[in-house]
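Encoded as structure tokens, the following chain is the form predicted alone, with no partner shown.
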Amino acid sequence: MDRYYAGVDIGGTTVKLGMFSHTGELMEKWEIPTRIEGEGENILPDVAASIEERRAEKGGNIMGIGIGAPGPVTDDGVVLKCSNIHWPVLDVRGKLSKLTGIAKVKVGNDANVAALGEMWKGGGRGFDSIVMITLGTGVGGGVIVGGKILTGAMGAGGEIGHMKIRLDETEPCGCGAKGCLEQYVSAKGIVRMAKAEMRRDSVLSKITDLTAKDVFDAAKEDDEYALSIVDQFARYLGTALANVAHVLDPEAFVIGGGISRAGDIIIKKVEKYYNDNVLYALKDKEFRLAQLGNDAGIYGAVRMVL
């Protein structure tokens, strides 16, 4: 009888799911809506029902389920609140195991789980210790040491986006603090920096609904102002990753998220500022772009149970 493993990545809008073979081959992937009404009470029952539906179609048995959740997760699979899906403190591992009848269920923070996926099958292949930073609407981080997720005492390890990078910031971050890395290297942060001192001679000044992609596209066309914004972005991110290296000394950094689609312009500039700000022994780390895109979460989730 065939043996399958399920990977689950819970997002604010959709839940991504994947069915994997016992050798780690992705056989099928699909999505279901994330029903966040109430306290997100429908999410896990929906996940359980969807996995069972696919298992019934294929036959065989589900041997394990890995799940990535958008919040701090303890080692025993308890999520310590997820505001964007309305979860309170919730024993995700226990509840999903009860719903499915499957004993082998593991839960991790979604960013950490994505980092594990990239180390296993993506941009971090060949390394056992990586730091992944995800640059999108916000900034997420995941730390893998010796092939295992570094969760921290309360499951909040890897929150790189909320490192303090400027002490003179007056505007608050979404977390309520001021001067977080996320305020300068997220998609919103890049646009905020570009609009702050917009120059009329820049092509960016003619764009009504400015995006981070516009900034990077203009920089690739040698727009002087766009290049200066990208340089600021790279200085903040390279310096932050240098600080991370001083604590963790990873083998490599993997940069993912929507902003990473800008490609080599990010890697080259961030690497420069990283090397400018790090000890000699930590220089010249490998910098790579993520490769799995939106599938990183399901790969990492299933890796936890394989």
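Keep in mind that this is a model prediction, so the values were computed, not measured. Position 1 is the first residue in the sequence shown; the rest follow in order.
Note that the form predicted together with a further copy of the same chain isn't included here; everything after this is about it.
Distance criterion of 4.5 Å from any heavy atom to a further copy of the same chain in the predicted complex singles out Ala156 from the list Val203, Ala156, Val89, Met198. Checked against a further copy of the same chain in the predicted complex, the candidates Lys213, Lys95, Arg125, Arg166 yield a single residue with a heavy atom inside 4.5 Å, and that residue is Arg166. Note that among 102-110, 146-154, 222-230, 115-123, the stretch whose heavy atoms approach a further copy of the same chain to within 4.5 Å in the predicted complex is 146-154.
Taking the partner from the other structure, a further copy of the same chain in the predicted complex has no heavy atom within 4.5 Å of any heavy atom of Thr34. Within this chain, Ile190 is remote from the site of a further copy of the same chain in the predicted complex, having no heavy atom within 4.5 Å. In the predicted complex, Cys82 stays away from a further copy of the same chain, with no heavy atom inside 4.5 Å. In the predicted complex, at least one heavy atom of Asn277 sits within 4.5 Å of a heavy atom of a further copy of the same chain. Along 203-237, residues Arg235, Tyr236 each place a heavy atom within 4.5 Å of a further copy of the same chain in the predicted complex.
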